[in-house]
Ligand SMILES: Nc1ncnc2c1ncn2[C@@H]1O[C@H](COP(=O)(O)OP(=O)(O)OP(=O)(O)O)[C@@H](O)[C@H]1O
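What follows is a single chain, given as structure tokens, in the form predicted alone.
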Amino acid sequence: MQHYTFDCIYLQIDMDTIEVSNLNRQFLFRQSHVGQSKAKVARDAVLRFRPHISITPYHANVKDSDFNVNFFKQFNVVLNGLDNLDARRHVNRLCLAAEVPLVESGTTGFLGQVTVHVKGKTECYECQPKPAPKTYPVCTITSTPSKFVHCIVWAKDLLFAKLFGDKNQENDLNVRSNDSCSSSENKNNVFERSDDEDWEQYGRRIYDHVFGYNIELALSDEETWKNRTKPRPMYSRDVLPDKMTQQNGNADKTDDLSPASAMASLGLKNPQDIWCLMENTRVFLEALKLFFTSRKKEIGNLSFDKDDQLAVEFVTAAANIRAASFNIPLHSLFEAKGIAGNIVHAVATTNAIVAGLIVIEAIKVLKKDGCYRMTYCLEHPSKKMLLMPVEPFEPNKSCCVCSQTPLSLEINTHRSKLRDFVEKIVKAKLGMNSPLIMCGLALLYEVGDDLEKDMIENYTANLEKVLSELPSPVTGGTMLTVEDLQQEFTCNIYIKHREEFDEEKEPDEMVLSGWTQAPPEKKDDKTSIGNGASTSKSLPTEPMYAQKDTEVKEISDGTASPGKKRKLPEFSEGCTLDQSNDADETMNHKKIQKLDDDDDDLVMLDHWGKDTCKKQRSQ
């Protein structure tokens, strides 16, 4: 068997540092590496058993301007293991612009996949629409939560942000009610600590306001609770008597060099234990105190981070207290962290399998044999197979990224501001980082370091104007051109004015369409699959996340894109693969979608072996 090596230049881009939770799902990091750069430690580990190769690590964000199209043009192939959709889109567009093949990958639990994307030959990463993250109406989060994930979203996006984030950001923690009374006598200052308050008094006041008064306010709307179980107001004095609070902070004190932790202060050691209401209350008060005493300089600039232990403790406790009020089962910190961080915990074996598949496909790309496979790791064997190889699909002619097909946007042009369009569509949906927006020849918005002061002021003023009142009005029938110069990506968006939207299904009051999927394969094109045999295109290139126990992975019907999903059909011994259109009949009776790894790595290979080196393109 011929032996192939990557022995000239190898680059790795990773902005993460090693966490303790990383140690159980990979083979390069050790306990002594915690806190160090993943990219640099990985380089050192690999060089110990392959000392002759050249590896250049970058402890940086792949979206930094240094990693532009010219940078990508140096390489023979890019290997992707990023942990979020935005970064994956960014790399996909840079690879398309640089005409460099991309090997994508992802794992979640026992599931995983490796896909190959070659410009003009296979579909790009964005040829098929990616399911949008699950969103929830504000009224459900603030007024009528029915699932633990609703309580997590409330604790993370509302309460945590209000207490520790940007004070100027709009944030309504008052439970919606038809009652006209205010949330408190001093509603504007309820989250501000007065000079004569100690931390326990302040913590209890916040507790009583959000878990007591706000719940009573919600109960005043009797119509809401006719067919629902009424919540129970929680007051700190009823859960934690004054004498019990004195126990806070006395157990297992951490030294000054250790990160602040409410669990450590209170002697709570097992993150998989489910705390009782009293324990959650103590963690809530202790975490609040630690934030304002040990991390005072960060207050006002904090946002929730799943790797921030104190933040996870606070959000877990707050979510559990709210869950108890609304008769929702409590969860452990381990479970709450998974929901809050959209985490399905990784398995080292799956990661190792996917890593091997990445290398196999990279060798095929470098040999230019064209026999690529998109391979899916299954949780349960099917026809005695855990790995399912699939031939890549051709580029989708309706893709707005690689085929530059125009999109359409339904929006109320008399109500929505340009800022809404930029934040919710251009950045959130299209994944652009440095957008430029034009209406005909008029430039409506642009970002960049080289802009004049008056231009910046002009574009900032435009952000606060509704679309129909811009210098070049955007109304029904307008065609907008949106461009990201860093990604070398341009798309046209046709505007359709629409008056009303469904608050439950369309909370953003915008509907972007145009990502229609490729036509389904003909049924007579199917072929049977044997271990190692050729596969047909009847299997999907767009699997969906397996639904786990955490509701955060739910995919609602309201987020489905036009066209039917291609899926992994269920089949048994001796039968052939067939593409079914039944949306409920999926592999192992589960929904599967593109998997995002919990790790964040980008690897680029240049000069493969001794005889396959490609001349570097001039930058």
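When you see a residue number, it is the position in the sequence shown, counting from 1. Between two forms, the rigid core is the largest collection of C-alphas that superpose within 1.5 Å. Everything quoted here is computed from the prediction, not taken from an experiment.
There is also a form predicted in complex with the named molecule; it is not shown, and the following applies to it.
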Given the pose of the named molecule in the predicted bound form, superimposed onto this structure around the site, is the binding site open or blocked (3 or more ligand atoms closer than 2.4 Å to backbone or C-beta atoms counts as blocked)? blocked
Answer with one of S146, N84, T229, N301: the residue that has a non-hydrogen atom within 4.5 Å of the named molecule in the predicted bound form. N84
Of A45, A60, I55, V69, which one comes within 4.5 Å of the named molecule in the predicted bound form, counting heavy atoms only? A60
Partner-facing stretch of 98-106, 310-318, 76-84, 415-423, counted where any non-hydrogen atom is within 4.5 angstroms of the named molecule in the predicted bound form: 76-84
If you check in the predicted bound form, is Q26 within 4.5 Å of the named molecule, heavy atoms only? yes
Please check if I343 moves between this form and the one not shown, taking a CA shift of 2 Å or more relative to the superposed core as movement. yes
